[in-house]
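Single chain ahead, written as structure tokens, the form predicted on its own.
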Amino acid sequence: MKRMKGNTIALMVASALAASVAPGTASAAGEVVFGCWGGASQARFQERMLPPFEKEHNVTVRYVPGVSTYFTSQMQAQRNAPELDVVCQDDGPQSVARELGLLAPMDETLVPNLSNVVAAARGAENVGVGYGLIAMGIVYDPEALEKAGVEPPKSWNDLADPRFKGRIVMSSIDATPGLFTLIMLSKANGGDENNVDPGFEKMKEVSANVIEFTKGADFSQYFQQGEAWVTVWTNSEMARFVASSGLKLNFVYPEEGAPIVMPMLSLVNNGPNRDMALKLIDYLMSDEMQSFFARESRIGPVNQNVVLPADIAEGLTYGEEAVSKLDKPDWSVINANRPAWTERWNREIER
């Protein structure tokens, strides 16, 4: 059985980028500095989402592309003179930045759309807000299971069932799917983030069914080649893969719950243009922009006033029933223990 351990490339890149950052410079008058994802996300923001905001407020949004860990490093380097006003980060790295005091709470009176945001998307003490809901659950190939006469999975514990032996592909603990699998197996067996022993014991059983632990969270080739029947993936990533490949996959909200995965917007502590930064966050929480995120990025809206047509809503974390199935991980506990868990995983699971 081939097992691949996660690497540290992302951290090395973040460190290299942080080392090149000079002390922050104040943004120009009439400018708000927005640190967010590069690639296709940057194109969507700059070409289609930000221009109406710039026109309405007579402001320029200076877009700084990057990843979550880079923005944390940049904010640390510029703590005394921040350049950034608003940052996008995944919820895990965002919690690290919050604990480091790099992010500021938002005044609800200045971000009125916060009152429309579902509780699951609200950051601790109003530090940050999720701008999309994504669920991490079990994904399976219905045709492969039907052909083999195998029942679909319903529980996290089903990953350990021998009926899936040699048919599961999964991330290592270095990537979020592997990490969340450990936590949810703990919860499914009497533990939680504060007691992962039950999760490790069950994960040993799951590992007997795994054909490969991957370095990242791209499982497409395993399904395209018919090697894998089951994985742990987000509904958003699965939907994009299905749309591009034409393959049929199903997403399961396990009976114990599905961990929430959120891209978040945060106000940088002592950023140079606080008022306009709050207006930008409020704009991205609006009904119109939340509908845009659902259509274009395939993430569920956090604004509960948004009404999506059935064809757009399909497969998204949308509506009371789907939101009620979400499990919100305790990132403070996870961040404090992840290095030890990773060492233990490498010793007990991927040996």
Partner chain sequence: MHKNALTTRGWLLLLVLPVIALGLLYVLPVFNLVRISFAQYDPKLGVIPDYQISNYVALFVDVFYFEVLWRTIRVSLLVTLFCAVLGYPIAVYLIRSSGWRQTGIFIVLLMPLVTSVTVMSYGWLILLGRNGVINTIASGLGLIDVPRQFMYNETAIVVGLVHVLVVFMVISIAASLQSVDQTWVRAARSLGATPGVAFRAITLPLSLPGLRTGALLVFVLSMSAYATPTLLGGTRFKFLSYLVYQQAISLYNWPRGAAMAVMLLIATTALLALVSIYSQIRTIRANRRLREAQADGPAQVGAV
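Bear in mind the structure is a predicted one, so any value in this text is a computation, not a measurement. Numbering follows the first chain given and starts at 1.
Missing here is the form predicted together with the partner chain; even so, the following discussion is about that form.
Proximity to the partner chain in the predicted complex, defined as a heavy atom within 4.5 Å, singles out one entry of 163, 122, 240, 79, which is 79. Checking 202, 187, 167, 279 against the partner chain in the predicted complex, a heavy atom within 4.5 Å turns up for just one residue: 167. Contact check at 4.5 Å (heavy atoms) against the partner chain in the predicted complex: none of 46, 158 and 182 pass. Heavy atoms within 4.5 Å of the partner chain in the predicted complex belong, among the stretches 192-200, 249-257, 70-78, 104-112, to residues of 70-78.
In the predicted complex, at least one heavy atom of residue 93 sits within 4.5 Å of the partner chain.
Proximity of residue 172 to the partner chain in the predicted complex falls within the 4.5 Å heavy atom cutoff. In the predicted complex, none of the heavy atoms of residue 118 sits within 4.5 Å of a heavy atom of the partner chain. Within 4.5 Å of some heavy atom of the partner chain in the predicted complex lies at least one heavy atom of residue 225.
In the predicted complex, the partner chain lies within 4.5 angstroms of at least one heavy atom of each of the following residues of 194-221: 207, 210, 211, 212, 213, 214, 215, 221, in sequence order.
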